[in-house]
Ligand code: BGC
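First, one chain by itself: the form predicted alone, in structure tokens.
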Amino acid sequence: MTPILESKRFGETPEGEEITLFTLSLGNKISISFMNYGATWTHLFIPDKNGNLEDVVLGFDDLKGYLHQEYLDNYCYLGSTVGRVAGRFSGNQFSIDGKTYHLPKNQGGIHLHGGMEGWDKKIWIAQPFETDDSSGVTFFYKSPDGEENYPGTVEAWVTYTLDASGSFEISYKAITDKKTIVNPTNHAYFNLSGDFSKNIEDHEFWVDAEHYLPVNVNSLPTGEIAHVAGTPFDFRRPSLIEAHLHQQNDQLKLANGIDHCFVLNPSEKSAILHHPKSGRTLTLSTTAPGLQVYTGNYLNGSFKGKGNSPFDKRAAICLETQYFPDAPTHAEFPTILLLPGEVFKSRTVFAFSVEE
């Protein structure tokens, strides 16, 4: 059965531009929504072991929430496509061929997730499509040369696809007319319980990674690629997140929890998130070399989301597939440099199931 694709008005920007919400559904198996503002993932309804469909990603009931100042001041990027480059930069700068590009500071003294008006705040051009066994939407944005002081005009495509099996794919593609750097990701927040008043410490997590990137006081990678053995970052066997977050560890103190990049092994499955009580399971596969795991450390209930629910600390977990943060600073990291004539590509698949 081909997934059904529907669309409706989700709101209007202060400038009067109408925003569209697209929904892909497959019977009572899955329903997933996203909008052209920020190419943002807004809803994900999946069943528990009793067949109850519940929304398991943080977000808002309409566009107004995404524009509210209290939300923007929290820098959480709920479900957004972030870019051109996810994460932070040492010194808020990078260099290409000896030229240094200084980036605007949007989170205090830090350039974060693309800057003052990154891709999360852009209105993307949407192109819905259907094939014999899938449906989806491709979002397109043309980022001009010099935007947020990044060089080169970059054309970017983000495609959301739901297939007949219920697997959901996010794929990225980008080209440039000048040497630049590109490293986008999706910033969805998952709570598989479907109850956003509860935290995610009762979720089990597994990741196919033997190494992670330690950070400094500014949440920037130190450059070390450290083994996970003997640390709270050892999820090579499925285990409750709670058991890891409550260990005494300097890295956890620096990040107020987990906000670290895991160095993924190239394999068919990259990570699994499971909620034992509901039975809901998310299996993630990606072509990206890194998985930034963020345990909602700075959510603080300062704004209210769907159903007027405040999102408190640890209300969700982010699984951000990407290249390593601050890659231009560390020559040993996989490069995020994109040259004219090259094509940046990355692909992540989310599969959902129920386990007793």
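Numbers for residues come from their place in the sequence shown, where the first is 1. Owing to the predicted nature of the structure, the values given are computational and were not obtained by experimental measurement.
Another form exists, predicted in complex with the ligand; not displayed. Remarks below refer to it.
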Of Glu204, Asp120, Glu147, Asp259, the one that lies within 4.5 Å of the ligand in the predicted bound form (heavy atoms):
Asp259
Heavy atom within 4.5 Å of the ligand in the predicted bound form - residue from Leu112, Ile181, Leu282, Val263
Leu112
Proximity of Tyr77 to the ligand in the predicted bound form, heavy atoms at 4.5 Å:
yes
Though only this chain appears here, would Arg236 touch the ligand in the predicted bound form if you measure heavy atom gaps against 4.5 Å?
no
Just checking whether Asp326 would be counted as a contact of the ligand in the predicted bound form - the rule being heavy atoms within 4.5 angstroms.
no
Within 4.5 Å, heavy atoms only: does Tyr172 come near the ligand in the predicted bound form?
no
In the predicted bound form, which of 268-276, 138-146, 225-233, 182-190 comes within 4.5 Å of the ligand (heavy atoms)?
182-190
The ligand in the predicted bound form - contacting residues of 289-313, heavy atom within 4.5 Å:
Gln292, Tyr294, Tyr298
